[in-house]
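Presented below, as structure tokens, is a lone chain in the form predicted alone.
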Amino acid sequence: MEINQVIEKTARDAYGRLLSYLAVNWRDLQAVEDAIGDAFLAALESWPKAGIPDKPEAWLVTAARRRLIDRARRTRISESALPTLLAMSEDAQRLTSSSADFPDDFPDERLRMMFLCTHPTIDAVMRTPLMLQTVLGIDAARIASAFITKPSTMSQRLTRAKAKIRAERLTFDMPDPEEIPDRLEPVLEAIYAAYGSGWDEAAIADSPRRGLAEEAIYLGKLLLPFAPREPEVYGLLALMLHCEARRTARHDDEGNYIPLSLQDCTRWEQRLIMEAERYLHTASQAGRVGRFQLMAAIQSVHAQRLRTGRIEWAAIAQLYEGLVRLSPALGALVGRSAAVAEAYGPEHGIVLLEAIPSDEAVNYQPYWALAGHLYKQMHREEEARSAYSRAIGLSTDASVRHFLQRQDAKI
């Protein structure tokens, strides 16, 4: 592997861990981000001459920390952090020269960073976006797309949120156990959004986000000891693992996209399905139903096809009804329309779909893909072509786009 590729891979895999590890002892996120950027530039200059270090992440931590120390000595505005950084620098020298691996030696501080982003003084609508950028390394444009806002607006809001952390010197400690339930929801949202981003691009070999799905599952499991009685943590893990079990079945051997209902379920990974079911069962014992539990239950019904050979669409429609009542998000509304159409006919599904406000669905690809499918079933050819055209234009996955084009050509 070329040096530039090693650096790029390290940036993808370790950026959030590097930032979180440094930031818990240095509250100026902008300074930490700048120092990490300088460390990567130093690697581009140094590694071609000196060779790739045995532990690239440890090398980068050391380089970034030196820049922070130099900055503190120059500006003298962070003297309280300087002794800690100097001690950490000595630790880094020891770790860099030892035989231990980075993940074990450098504590994964990302949960502390994520809970910092849920601090009550931070604008509630910015908590999840802030986590996605600082902890998971997702760029502002991608976050803006997920939250249906302009990239420039999202960048400004993120900058203001980070400035608030610096100005108010917010603590990076984990909340007390009794505080965690009230601050948990945006953390779960960020983990789920990261999983979705990784899931969407898992098949794209050079995507900087293809490893996010595995990272999201890891973070979900990392969260369990801090919230062992919160059923939504188990529900989210069950949801992600059910989806992950079907990763290889999403495409055939030629790379063609296969929708869930048409997948060869023998290609699903049963070990992950069983793990998901255990988490879902644990969640059910709490007696408190939440959004992620209902989403996981929907995927659990799909997983039963491996055993029964059929999809129980009426059960799925009923679960979607509960999900919509609890959390009427756009994805849930579209999912309910699809399930009702499968269980009771396209005429019933299209009524629910068309009831969704058009301004909400205008740029939502699943809405238009489903509309094209239902209109085609109802022999409303002109509307089907128009909907498919819109869905094709909104598709970022080439395999999904080609699948929709084939469906459009069959009208």
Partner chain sequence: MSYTLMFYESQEDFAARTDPARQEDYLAGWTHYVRALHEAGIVVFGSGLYAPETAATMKRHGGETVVQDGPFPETKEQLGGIMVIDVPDIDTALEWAARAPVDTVEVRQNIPALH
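Numbering follows the first chain given and starts at 1. A quick note: this is a predicted structure, and the numbers were derived from the prediction, not measured. For clarity, a rigid core is taken as the largest C-alpha set superposing within 1.5 Å between two forms.
From this point on, the text means the form predicted together with its partner chain, which you will not see here.
Note on the interface: of 149 to 157, 291 to 299, 306 to 314, 222 to 230, the segment with non-hydrogen atoms within 4.5 angstroms of its partner chain in the predicted complex is 149 to 157. For the chain shown alone, residue 399 is not a contact residue for its partner chain in the predicted complex, no non-hydrogen atom being within 4.5 angstroms. Residue contact check for residue 12: none of its heavy atoms lie within 4.5 Å of its partner chain in the predicted complex.
Proximity of residue 24 to its partner chain in the predicted complex falls outside the 4.5 Å heavy atom cutoff. Within 4.5 Å of some heavy atom of its partner chain in the predicted complex lies at least one heavy atom of residue 405.
For the residues 44, 362, 351, 50, the 4.5 Å heavy atom test against its partner chain in the predicted complex is passed only by 362. Annotation for 374 to 396: interface residues with its partner chain in the predicted complex are 386, 389, 390, 392, 393, 394, 395, 396 [heavy atom within 4.5 Å]. Annotation for residue 156: C-alpha shift of 2 angstroms or more between this form and the one not shown, rigid core superposed. Core-superposed comparison between this form and the one not shown: the C-alpha position of residue 290 differs by less than 2 Å. With the core held fixed, residue 333 shows a CA shift below 2 Å between this form and the one not shown.
Cα of residue 147 to Cα of residue 216: at least 3 Å shorter in the predicted complex than in the shown structure. Relative to the shown form, the Cα atoms of residue 331 and residue 148 move apart by 3 Å or more in the predicted complex.
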